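Just the one chain here, laid out as structure tokens, in the form predicted on its own.
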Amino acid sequence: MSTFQSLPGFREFYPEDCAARNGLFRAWRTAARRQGFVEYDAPVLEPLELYQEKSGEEIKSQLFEFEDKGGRKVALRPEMTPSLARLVAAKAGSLRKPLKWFSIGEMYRYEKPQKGRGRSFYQFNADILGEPGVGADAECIALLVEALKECGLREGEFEVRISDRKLWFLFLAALGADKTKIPEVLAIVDKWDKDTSDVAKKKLEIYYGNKTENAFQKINAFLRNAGDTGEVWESAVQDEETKFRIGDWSELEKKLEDLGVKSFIKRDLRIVRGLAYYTGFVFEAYQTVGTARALAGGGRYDDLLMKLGGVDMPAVGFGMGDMTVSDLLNELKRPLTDEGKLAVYLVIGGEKERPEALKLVGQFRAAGLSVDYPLKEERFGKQFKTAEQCGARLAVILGPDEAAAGQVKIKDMLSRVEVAVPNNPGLAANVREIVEKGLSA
């Protein structure tokens, strides 16, 4: 008999895996809500055209796309930003700005599965819309830092590298590049450290002709001098627009310092982000231990809402996938888990006591306690073992002796202390208090 297996790049989540995933979700939600972001969601299936012109070539080539039974061309969402832009554009006039929204949802990309990357993955997205100032960029970057800290990562284990597509556009245009071709030049910059000098020059020659050597040297100097250890943008072309943009950088870094996250930040102009819709500051979080993989990325995309729905609204945001963060936490032996532990396991003496035991189960659950119990008659020893395996905080015991005395016994599964208490209308409140405070000898 053949057995069915999951499709390549898709994951199952057994209870322990699901608990770890939900622990990650809880950390993301905690960080976002602490900074005043509110949650939203969108369909996993969208019109294909939503992505055909709004995403980078890499994402478009990875779409799960098909024609549905109604003859519509559709795609499983590979990212959340186009859906967010569509949602906001539809109600832009009635929404109070700025919007601080976040989501946690499943995305789909048809690419080769590998460590830290699957064809299905969960992503935490956070965006601020309706605020053009660098304060919004700083707030998003601060949330990215705080979200990774909430996951259990510490200073020295990750950093957020910041770059600027707007500054790159100004710089490359000043060197003589056709403005419509600058995204293609940025693709060369994106591979600057991987290519040899000769390969980079050959690529640049298409855009700079006989000025290629000059362009290569200035790009090289720009990358070198714009880092944290360099002087203030020595190699930037000092026209007024560029000087103004450098002032934006100073403001952004000051705000990040005031928000208490500057120690996690690093300038890195090699970060240019592949998606075509980014227009300003861009940033990526990298782990600085282990395999040095990227953990998250985002930036400013001021023109996207206009392209999607004709609404002129500035925006900045980021996305963080679950797989690389979870892999890093496992490498550091700090896996997250869902905090929803079982409060009570009700140990039942026999079928004669079961009706009263089920009434207690109902009362405890009505009081907000999580409760489990044996669905069929079992030995006391097996029930206590099950209580331990479930991670129950308390075992509440109702056997023949307890029933005859109008009592239950409560056993603290941590301290092993056991007490008898009356089985009366106040029992549920009594048990709830013991769950919170425990029993001591």
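Don't overthink the numbering: it's just position in the shown sequence, from 1. What you are looking at is a predicted structure, and each value in this text was computed from that prediction instead of being measured.
Separately, the form predicted together with a further copy of the same chain exists; it is not shown, and the next lines address it.
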Practice problem: Answer for F283 alone: is it within 4.5 Å of a further copy of the same chain in the model of the complex, judged on heavy atom distances? | Solution: no
Exercise. May I ask you to check whether R96 falls inside a 4.5 Å heavy atom distance of a further copy of the same chain in the model of the complex?
Key: yes
Exercise. Report yes if any heavy atom of D68 sits within 4.5 Å of a heavy atom of a further copy of the same chain in the model of the complex; otherwise report no.
Key: yes
Quiz item: So, in the model of the complex, is C390 in contact with a further copy of the same chain at a 4.5 angstroms heavy atom limit?
Solution: yes
Exercise. Using heavy atoms and a 4.5 Å cut-off, decide whether K112, G152 and S415 all contact a further copy of the same chain in the model of the complex.
Key: no
Quiz item: R273, R354, K211, R117: which sits within 4.5 Å of a further copy of the same chain in the model of the complex by any heavy atom?
Solution: R354
Quiz item: Just one of A187, A292, L358, V199 has a heavy atom within 4.5 Å of a further copy of the same chain in the model of the complex. Which one?
Solution: L358
Self-check item: Candidate stretches 174-182, 321-329, 152-160, 97-105 - the one whose heavy atoms come within 4.5 Å of a further copy of the same chain in the model of the complex
Solution: 97-105
Practice problem: Residue by residue through 30-48, tell me which have a non-hydrogen atom within 4.5 angstroms of a further copy of the same chain in the model of the complex. | Solution: R33, R34, Q35, G36, V38, E39, Y40, D41, A42, P43, V44, L45, E46, P47
